[in-house]
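Below you will find one chain, with nothing else, as structure tokens; this is the form predicted alone, and questions on how it binds or moves follow later.
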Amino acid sequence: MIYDVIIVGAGPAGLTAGIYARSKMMSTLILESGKVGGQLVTLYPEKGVHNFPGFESVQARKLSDKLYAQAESLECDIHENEQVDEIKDGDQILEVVTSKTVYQARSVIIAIGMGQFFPKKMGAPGEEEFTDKGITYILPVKEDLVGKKVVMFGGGNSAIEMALIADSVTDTTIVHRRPEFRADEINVKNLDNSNVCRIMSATVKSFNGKDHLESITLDQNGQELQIPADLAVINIGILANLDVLKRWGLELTENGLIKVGYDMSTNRHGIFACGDAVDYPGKYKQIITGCGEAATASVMAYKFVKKPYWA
């Protein structure tokens, strides 16, 4: 079978691309190297998403589930745990080589987000020792937070939103190394109106305990501060590995991301891209932005493949 489009990645952008491709009745295959959902389910499944249109607030995992269900209802073929290794030029088609087989497609949309990614670590003494013993990089479900002293590290939207979730059920502190947060103003306002304790301009000297995390030693403006903690949630960013983009022959920007035109086209004929993996002047990494780019990429792939009279 030759697919009209193969979409690489099943995060919000990839699933949206599939939804739009099927609205054009394009035969569509979505390949995901891990589990469907991307960062929504891998990094912060319990976090509330407050800026996706149509939802006052929606849990990240539930937003992923809704996109997944819609793509499936439109009969997208979706394969999990299938890594794409190569994308080759064939005779008027593209060959997508995966860890399992080779597929043929008339067009390809790259929507791999940040590729293979891992949470950034703080590198402080005790961090490795107490990982999964009181230190985590993903917020547990609220039921597992009750009665614990939770300390959140980070200054972005995700860190604040997760601190607010924890604050709804237990004592919560947020620690940031700078004097100001980099999060959206609405999240900072919500934090101001919460019971979350804030410790600013502070860095970690050590995580302490015996068999489990018991306390954290901080350096705040040269002063040592020790705070009790049952759970430390570290949310200071991710380390991404996008080396695969070089193997696929895609032109990259100085940031190591895919260079695209206004129509989400890449330097390779018939290959389009969208989401966090692409870069252009003014790029703003948000779920809704990636979904908008995905709609454009799908329509351009449709024009490329079907060549409608109006294109």
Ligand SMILES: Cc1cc2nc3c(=O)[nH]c(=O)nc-3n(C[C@H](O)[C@H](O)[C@H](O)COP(=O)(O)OP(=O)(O)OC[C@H]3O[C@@H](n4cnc5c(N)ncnc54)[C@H](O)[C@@H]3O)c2cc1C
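Sequential numbering from 1, following the sequence displayed. Computed from a predicted structure; not experimentally measured.
There is another form of the same protein, the form predicted together with this ligand; it is not shown, and what comes next is about it.
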Contact label in the predicted complex: residue 250 to this ligand, heavy atom within 4.5 Å: no
Closest heavy atom of residue 230 to this ligand in the predicted complex, within 4.5 Å or not? no
Residue 27: heavy atom within 4.5 Å of this ligand in the predicted complex? no
Can residue 82 be called a contact residue for this ligand in the predicted complex at 4.5 Å between heavy atoms? yes
14, 31 and 238 - do all three of these have some heavy atom no more than 4.5 Å from this ligand in the predicted complex? yes
Partner contact check in the predicted complex: of 205-213, 189-197, 116-124, 168-176, the stretch with a heavy atom within 4.5 Å of this ligand is 116-124
Heavy atom within 4.5 Å of this ligand in the predicted complex - the one residue of 135, 112, 105, 152 that qualifies: 112
In this chain shown alone, the residue from 39, 59, 70, 265 with a heavy atom within 4.5 Å of this ligand in the predicted complex is 39
Given a 4.5 Å distance limit between heavy atoms, list every residue of 286-304 close to this ligand in the predicted complex, or none if there are none. 286, 287, 288
